[in-house]
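In the form predicted on its own, a lone chain appears below as structure tokens.
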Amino acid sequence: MIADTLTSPIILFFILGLAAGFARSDLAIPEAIAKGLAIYLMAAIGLKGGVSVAESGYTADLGVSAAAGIALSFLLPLPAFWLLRSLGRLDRTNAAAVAAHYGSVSLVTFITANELLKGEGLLVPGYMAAVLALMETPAIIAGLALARRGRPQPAVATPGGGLLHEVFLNGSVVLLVGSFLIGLIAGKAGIAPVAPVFEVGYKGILCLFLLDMGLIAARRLLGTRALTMRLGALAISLPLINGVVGVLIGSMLGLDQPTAAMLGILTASASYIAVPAAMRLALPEADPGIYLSMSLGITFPFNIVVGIPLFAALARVLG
């Protein structure tokens, strides 16, 4: 499956972005267009998930997947924090901030995995879009708890509930959940008039978006001096450990192969949108050069090229 992944246009566009970024090309997608692509992808995946659940109804697998996702998102930052402190040699604040990233999830990894798994005949249930949204927040809570432990004063001093607003009303979460609910309420028949917009151009838009992500990842790595060899190794080790744990738990809970594979991919992914926004408010003293370079610069490309086919293969073996 790795060979098939590497020859997919979706992945080749991402690799093109990486190559152009490392070569210091002036290739760039304007920020406004990049945001538009992201909005389109989030709305599309949310609608598809909502329609899928509307057709199938509530199932036991949905409840099991959601419970497992929430528990993993809350618990995975704990061993990550210990590894970042002991092996990565980070201080408590930076270790907690990075650990929160590795407990949360990456929307773009989810979207890419959804398409690649579909190409391999593994159809991921639409309700996994809801599980994705549920896994955004618990890791942030765990990370902040780890950062505050032993401190005489709380880490957050933002008035007016700024952190809560950022965590629960983050734009990506609102759009994903909102479009999911629209699909759930409208159903397949109700979505039919707008379906061509969200289906025909979906893969092409994803290619352009991943081109931009490749450029950003490469330039993030070139522009940082905060990343050590130890942290670089952990940026690969943590998704491997988390992904294997996710697939194992999904298989033990009786989830089918596509769902177990996606649960592993979600636990292997690392947030670089929602969690950085929350950390800027909650832990402004944490170094973005560390947590963004690890999650976006190393873990994201690793998962796109290697992690997705690896965890899918593991799910097939266990299934």
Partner chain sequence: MQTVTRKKIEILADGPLMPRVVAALAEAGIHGHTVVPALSGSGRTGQWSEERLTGAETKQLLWSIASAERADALVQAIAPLLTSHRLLLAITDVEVVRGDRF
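Keep in mind that what you see is a predicted model, and the values were worked out from it rather than measured. Residue numbers count along the first chain shown, from 1.
Note that the form predicted in complex with its partner chain isn't included here; everything after this is about it.
S.K.: Report yes if any heavy atom of residue 67 sits within 4.5 Å of a heavy atom of its partner chain in the model of the complex; otherwise report no.
M.R.: Contact check for residue 67: no, nothing within 4.5 Å of its partner chain in the model of the complex.
S.K.: I'd like to know whether residue 121 contacts its partner chain in the model of the complex, with contact meaning heavy atoms within 4.5 angstroms.
M.R.: Flag for residue 121 set to no.
S.K.: I'd like to know if residue 225 sits close to its partner chain in the model of the complex, meaning any non-hydrogen atom pair within 4.5 angstroms.
M.R.: Close contact exists here: in the model of the complex, residue 225 approaches its partner chain to within 4.5 Å, heavy atoms only.
S.K.: Quick check on residue 81: any heavy atom within 4.5 Å of its partner chain in the model of the complex?
M.R.: It does not: once its partner chain is placed as it appears in the model of the complex, residue 81 has no heavy atom within 4.5 Å of it.
S.K.: Report the stretch among 55 to 63, 248 to 256, 282 to 290, 261 to 269 that approaches its partner chain in the model of the complex to within 4.5 Å, counting heavy atoms only.
M.R.: Among the listed stretches, the partner-contacting one is 282 to 290.
S.K.: Of 99, 132, 213, 90, which residue is found within 4.5 angstroms of its partner chain in the model of the complex when only non-hydrogen atoms are counted?
M.R.: Looking at the other structure, the residue within range turns out to be 213.
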